[in-house]
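Here we start with a single chain on its own, the form predicted alone, put down as structure tokens.
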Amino acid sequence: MTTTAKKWLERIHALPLEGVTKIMNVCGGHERSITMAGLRKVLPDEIELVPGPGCPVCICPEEDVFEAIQLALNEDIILIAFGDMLRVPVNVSKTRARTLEQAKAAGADIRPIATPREAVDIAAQNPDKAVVFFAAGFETTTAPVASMLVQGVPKNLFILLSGRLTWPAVAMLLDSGQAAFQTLIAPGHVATVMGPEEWQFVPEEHKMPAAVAGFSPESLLAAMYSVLRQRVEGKAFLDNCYPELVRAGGNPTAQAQLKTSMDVVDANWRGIGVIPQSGFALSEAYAQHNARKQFPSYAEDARKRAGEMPPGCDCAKVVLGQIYPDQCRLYANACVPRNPVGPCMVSDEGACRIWWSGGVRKNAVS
């Protein structure tokens, strides 16, 4: 019989917790479910839920967004991107386009899409026009892009790839010795594709309790109970609390398609810096569809730096779980959804946007 959210809460409240335990959730979808279900309000005071680096829009490097804007403005192309990317700002003067949305208003042909399949359709419908797909996302978004490429795409479709792997950011935090959490909830959808084994390093190398969770309150609370019980009992292992979809080994077909079409490379994360072996790049076998090889470069090396968030924006600290969204200096002041300053207020997976949608409308530090 399925255990209800109420029963998991009762089990959590019955645990003999000592001191505060911080649980980091890596996935933006988890943070949205936690906030919208009001889980923070019903958990014991000894538990703090920390949003982590689970928003691909938030960490997409500024130079990639800038390059997409410049390609759309300066080349005779159709540029397509997932909807959230259109409002991500870059640091330029007010006289220049700061977002893809502003570039569209300036006359560039920019179109939002929801799935890679739409990219293929748009290219097929416009055979005499170059179509550039600005593909930003984590493994669950990048895997369909890989599948699309392996299955074959029109000659006029090019990929401006900004794909990232999730686990290296957590590994970086743990290796730094400055991780502000004691337990971890790993992303269920990533584990569905890549396998739960990717997260085995957390308990094995860092002796930290970990669990894979889905997106229902029941699955999240089960994962919380698991990591809290592990901590109480002095244990550390990886628990699969999303067995409905997560299987050992993940999805071998998706992994094979990623390996065929892409290489794993060192990659820059906005506001954080370069994380080794944390990014996807198109392999040489697909160079004919690589926008960076087929179009003039609009990249600016000066933009490839850590800490390139707008002045006063603390999105990087939010992404790393070092502060809560409402502790950012700009949150609910200069930065609100209708006028986002930082990327964490743009995306539906950004912690700041989620907290605002969940009713947190005041800044905690000002």
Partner chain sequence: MCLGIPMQVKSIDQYQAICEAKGIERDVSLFMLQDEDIRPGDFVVVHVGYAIQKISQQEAQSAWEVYDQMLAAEDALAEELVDAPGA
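Just so you know, these numbers come straight off a predicted model, no measurement behind them. Numbering follows the first chain given and starts at 1.
Unshown form predicted together with its partner chain; subsequent notes refer to it.
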Quick one: in the model of the complex, does every one of 72, 206 and 274 get a heavy atom within 4.5 Å of its partner chain? no
Of 268, 226, 192, 261, which one comes within 4.5 Å of its partner chain in the model of the complex, counting heavy atoms only? 192
Just to be sure I understand the contacts: of 182, 283, 294, 216, which is the one whose heavy atoms reach within 4.5 angstroms of its partner chain in the model of the complex? 216
Is residue 167 near its partner chain? Define near as a heavy atom within 4.5 Å, in the model of the complex. no
Even though the partner isn't displayed, in the model of the complex is residue 244 close enough to its partner chain, meaning a heavy atom within 4.5 Å? yes
Heavy atoms within 4.5 Å of its partner chain in the model of the complex: does residue 176 have any? no
Are any of the heavy atoms in residue 325 no more than 4.5 Å from a heavy atom of its partner chain in the model of the complex? no
Here the chain appears without its partner; judged in the model of the complex, the stretch of 196-204, 114-122, 167-175, 101-109 with heavy atoms within 4.5 Å of its partner chain is 114-122
In the model of the complex: members of 326-360 within 4.5 Å of its partner chain, any heavy atom: 338, 349, 356, 357, 358, 359
